[in-house]
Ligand SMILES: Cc1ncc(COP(=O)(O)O)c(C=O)c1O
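Take a look at this one chain, the form predicted alone, written out in structure tokens.
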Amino acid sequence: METKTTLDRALGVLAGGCDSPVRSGWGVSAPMFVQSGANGAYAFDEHGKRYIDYIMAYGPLLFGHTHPALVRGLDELVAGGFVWGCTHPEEIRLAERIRAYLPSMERMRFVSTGTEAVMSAIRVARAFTRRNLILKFAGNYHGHFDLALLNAGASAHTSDAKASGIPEGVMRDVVVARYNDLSSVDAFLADREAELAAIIVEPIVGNMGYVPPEPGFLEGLRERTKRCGALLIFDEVITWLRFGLHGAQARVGIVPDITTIGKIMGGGAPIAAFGGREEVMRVLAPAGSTFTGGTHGGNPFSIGMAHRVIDLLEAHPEYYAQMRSLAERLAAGIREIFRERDLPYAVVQTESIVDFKFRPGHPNRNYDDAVAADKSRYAEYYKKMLARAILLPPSQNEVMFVSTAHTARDIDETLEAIRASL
């Protein structure tokens, strides 16, 4: 009898062979990478081969895999159980710690995923304004609920809304503008300002490659929401903690009405939150009539993990400089390789994120730029890097994440692989 491969077995029980489409390798026409373990900066395939990992669970692993401060003594966190269904002191203390760093989150509520956080934030915005229209941006990824998937970034590939199970009614209540383009925003809001409940945006984008806001863009969104009586929602699921304890909102100097944060605060454990101005959050039951809730929200295990992450960052403020230095080394090395080969690709780097696209000219400014990149070339590059034991995201819409577990030697080994692969 023929022995089934891991992929055969996966296809036999998992829809599409995976739990998230990007993992299948379809974006790079490659076989699915099957991981059997991880340690520090390294992932191991099902045969035990070691790879330098730049996926880092798509961002949340600031300290790499299995940092001792996060994986030791887990019995203490679960001694009283994984989930209680009751409010507890450590949940309250975590909310106080978060608010100290993100003062815009005057009141917050814990959930389990970034998708839940954004979905709940939009419900709150609609309840507060008593309006339905949401304006979002092509290439910004806000999770996998209906509204969020229209022209999303990451690896969502939702070009046909009806075929994707998104009802026509949802499409009537959302408009998708071009990031970094206020004229696009104005065009979509013409004659509809009175319908606008919220503008949701990644203040710094990490899901169509790395894209920072151009000067005046976020300020323009803030001005427009105030003018029309709508709310501004910052999706900081990627950026909070990746860009420091004060998040992207401190870096860009804009205070949103609602903020969403995600699993990075738990070191990858399932925890997220949404929060904002007290008067806005007051619409939530039991104070108001808007319901959000879930048994796992604020569960003691995930809350405990989040405390460990913040403890680690507070005890080691040098970690950010360490990651930044490694990312700068990586970016500078890639630029030098491009100069050697006269390749016209822009390399971008901020803090611990490094990115380039197979598209000549300036760095990505919007989703139009992202989709113009050469996907087939990235697919070949991905496969050649994988053969040299470098694990990159299996989609050109993603970025490279550096962690505290990476070393200068890892960076140099990666640069050798890039030089050979190109």
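From a predicted model like this one, the values you see are computed outputs, not experimental measurements. Residue positions are given as counts along the sequence shown, with the first one as 1.
Just so you know, the form predicted in complex with the named molecule exists too; it's not on screen, but the next bit is about it.
- Proximity to the named molecule in the model of the complex, taken as heavy atoms within 4.5 Å, picks out 142-150 from the listed stretches 303-311, 142-150, 288-296, 345-353.
- Residue contact with the named molecule in the model of the complex: residue 115 places a heavy atom within 4.5 Å of it.
- Though the partner is left out of this view, residue 263 does reach within 4.5 Å of the named molecule in the model of the complex, counting heavy atoms only.
- For residue 207, a non-hydrogen atom is located within 4.5 Å of the named molecule in the model of the complex, even though that partner is not displayed.
- Interface membership of residue 273, defined by any non-hydrogen atom within 4.5 Å of the named molecule in the model of the complex, is ruled out.
- For the residues 237, 102, 111, 125, the 4.5 Å heavy atom test against the named molecule in the model of the complex is passed only by 237.
- Interface residues of 183-205, taken as those with a heavy atom within 4.5 Å of the named molecule in the model of the complex (partner not displayed), are limited to 202.
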